[in-house]
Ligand code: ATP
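Only one chain is shown below, in structure tokens, and it's the form predicted alone.
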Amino acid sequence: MKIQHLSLRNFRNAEESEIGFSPGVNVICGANAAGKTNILEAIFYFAAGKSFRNCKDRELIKFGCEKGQIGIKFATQNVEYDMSAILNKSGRRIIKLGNSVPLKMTEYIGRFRAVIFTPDHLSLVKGSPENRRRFLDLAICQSFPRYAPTLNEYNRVLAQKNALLKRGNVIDELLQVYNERLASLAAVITVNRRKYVLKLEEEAKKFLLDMSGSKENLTLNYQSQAGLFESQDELKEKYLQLFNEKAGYEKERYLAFYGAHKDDFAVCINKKSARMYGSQGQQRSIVLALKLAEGELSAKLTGEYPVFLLDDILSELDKDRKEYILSRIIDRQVIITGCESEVFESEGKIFVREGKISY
């Protein structure tokens, strides 16, 4: 998977930009707030269908404009594709492949794949469960596009249930309808996340052992309120039982406290909690291993490596970790921001100033 070209129209601080990329390492240089991260954000939009900054589409549009547009040209399996996205202040967006009709999420997710690594990911080990769930869901959606509509449907029904609970005087029959649907969807989500974590652990374990000279062994333990059952049907029944048992508790607090939206995975190093007992250096090594493992899994599941996007991450790492991550991805397409252009060798250097591009 290689991205060849990116176009921006009224996206963030870019009025109009055209950017070409080499198939190897590309370095995007510029001062703070120049617009470097915006380039990675636009690229990753086509991989995830949203910004990795977890913001709304209307926030991506240049201030004072009613709409913005981004487009990429990329090659996968030796076939070239064009994708475009039009973002509107109204919230309606249009995503197309070439001159196709507007695509649904299930029709474009997974066509372009990328691994994003930002400074925020350095808190993946010690941060909130929400960060780890988001990491899993984005990775799974790219390799298994059919997972995305299940996740969206779960969030939609969960919002309906929360709205019902928030009103008070809950209609039990309607609550049961929501719980039955949530139990079915939660079972699918938990099973898929658990399977992915098992594969992720296998790959990440290799990277961490390599980085630590075989001294640090990584384990990932998936955690669900419904437990971990082999059968999806069994898990569905367990979720429904849990919802029914906790219905009174949720009514009293006007919020859904149970379900797949509370899942998490614990990260352990040498059988101890990395969050509790891992040093900062160990935690950073684990995050590197997880992101590299994400790329490896993408390649194994889809047949080719994704594009690697590194947002100002090398400045956050010490010399050894910086050299390690570059040694592992140097033969793939990499787009890096925040590097010193005069000391970093690359095939392509892109300079950004106030949203404008030069080479």
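Counting begins at 1, following the sequence as shown. Here the structure is a predicted model, which is why all the values come from computation and not from measurement.
We do not show the form predicted in complex with the named molecule, though everything after this point is about it.
With the partner omitted here, the residue from 317, 61, 293, 329 that has a non-hydrogen atom within 4.5 angstroms of the named molecule in the model of the complex is 61.
In the model of the complex, the named molecule lies within 4.5 Å of some heavy atom of residue 312. Although the partner is absent here, residue 26 sits far enough away that none of its heavy atoms falls within 4.5 Å of the named molecule in the model of the complex.
In the model of the complex, residue 12 approaches the named molecule with a heavy atom inside 4.5 Å. Mapping the unseen interface onto this chain, residue 53 counts among the residues with a heavy atom inside 4.5 Å of the named molecule in the model of the complex. Of the candidate stretches 66-74, 28-36, 317-325, 296-304, only 28-36 contains residues with a heavy atom within 4.5 Å of the named molecule in the model of the complex.
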